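Just one chain follows, in the form predicted alone, and it is written as structure tokens.
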Amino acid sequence: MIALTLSLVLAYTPQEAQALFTEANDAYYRQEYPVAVEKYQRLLAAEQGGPDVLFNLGTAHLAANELGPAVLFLTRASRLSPDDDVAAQLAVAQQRQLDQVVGAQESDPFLQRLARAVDDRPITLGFVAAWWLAFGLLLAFVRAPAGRRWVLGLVTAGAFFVSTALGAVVGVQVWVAQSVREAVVTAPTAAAREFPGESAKVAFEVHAGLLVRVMEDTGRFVRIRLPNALEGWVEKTQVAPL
């Protein structure tokens, strides 16, 4: 009941959401960045914020020199909509990072790039449709006269090939979603320790805006891996998941 009440309170009609978005934009142009951020965040809390809201929110944080949240929301926007403006603004934010990791990978692993490059919904629908089509063609192949089977055989084989390929992409997306956990450092400075605990020796420090992988979670601490494979434990509140 409490959750339902909160969702009703936070919900906006399309007209109200557009008005709030306009108010946030106006606040940004007046350089009232905290006001703009608060209004964009209200849209996100109401689940009425798409790539445009994420982009503007990240841009507002960047204008306020809040690098961690800027990279966080601009990266989220880029994952939803690979737009040139988003990429350019994200590049500006990344250039301001203190951590330019030596030995960093030039790009994400192929499977991660593949999972992000395709929209999961049409791929899943295409896989289901191709699979049913392939079985339908197989049934027609079994019942077809001998003279027509070679044509149906080729078409059926093609349908199974397409469905298998689409199924592999769906599998990659599921694997990436379940096994690859990424986060952005939001604290100005976060001490990465050798093991989870305040008494642990600090191995290195990371700074706001750095994209990391979360390898393990103990509740208060998370083990992060940098793009150059360096690992350490930081407090969970110092990073935000993508």
Partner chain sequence: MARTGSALITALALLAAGPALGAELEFYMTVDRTKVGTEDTFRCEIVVSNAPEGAVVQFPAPPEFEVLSRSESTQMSYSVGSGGMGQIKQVRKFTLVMRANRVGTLTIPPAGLQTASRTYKSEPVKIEVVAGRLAPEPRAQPRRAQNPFGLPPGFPFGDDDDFPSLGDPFADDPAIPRSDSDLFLRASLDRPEVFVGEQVTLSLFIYSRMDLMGVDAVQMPKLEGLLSQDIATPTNLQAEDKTLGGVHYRAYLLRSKALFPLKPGTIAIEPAEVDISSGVYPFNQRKLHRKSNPLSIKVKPLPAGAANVGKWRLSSTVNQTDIALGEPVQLKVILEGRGSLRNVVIPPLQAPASFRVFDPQQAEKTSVSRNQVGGQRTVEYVLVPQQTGRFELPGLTLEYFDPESQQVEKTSTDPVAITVRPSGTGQQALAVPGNPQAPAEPAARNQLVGGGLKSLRHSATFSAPRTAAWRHQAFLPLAIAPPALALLLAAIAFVRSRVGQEDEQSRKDKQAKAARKRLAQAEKVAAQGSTTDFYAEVDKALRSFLEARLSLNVTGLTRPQLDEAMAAAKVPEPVRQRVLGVFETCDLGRYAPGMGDASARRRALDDAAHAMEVWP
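Everything numeric here is computed off the predicted structure, so don't read it as measured data. Residue numbers count along the first chain shown, from 1.
The discussion below concerns the form predicted together with its partner chain, not included here.
Participant: Even though its partner chain is not shown here, does it sit in the predicted complex so that D52, Q89 and F127 each have a heavy atom within 4.5 Å?
Facilitator: Spot residues vs its partner chain: full contact, yes.
Participant: Name the single residue among A63, A187, V214, A203 that comes within 4.5 Å of its partner chain in the predicted complex, judging by heavy atoms.
Facilitator: Looking at A63, A187, V214, A203 one by one, just A63 meets the 4.5 Å heavy-atom criterion.
Participant: Would Y29 count as a contact of its partner chain in the predicted complex, using a 4.5 angstroms cut-off between non-hydrogen atoms?
Facilitator: Yes, Y29 is a contact residue.
Participant: Answer yes if any heavy atom of Q48 is within 4.5 Å of a heavy atom of its partner chain in the predicted complex; otherwise answer no.
Facilitator: Q48 belongs to the contact set for its partner chain.
Participant: Could you confirm whether L230 comes within 4.5 Å of its partner chain in the predicted complex, counting heavy atoms only?
Facilitator: It does not: once its partner chain is placed as it appears in the predicted complex, L230 has no heavy atom within 4.5 Å of it.
Participant: Answer with yes or no whether L152 is in contact with its partner chain in the predicted complex, where contact means some heavy atom within 4.5 Å.
Facilitator: Looking in the predicted complex, residue contacts with its partner chain do not include L152, since no heavy atom lies within 4.5 Å.
Participant: In the predicted complex, which residues of 19-40 put a heavy atom within 4.5 Å of its partner chain?
Facilitator: If the 4.5 Å heavy-atom criterion is applied to its partner chain in the predicted complex, 19-40 yields F21, N25, Y28, Y29, Y40.
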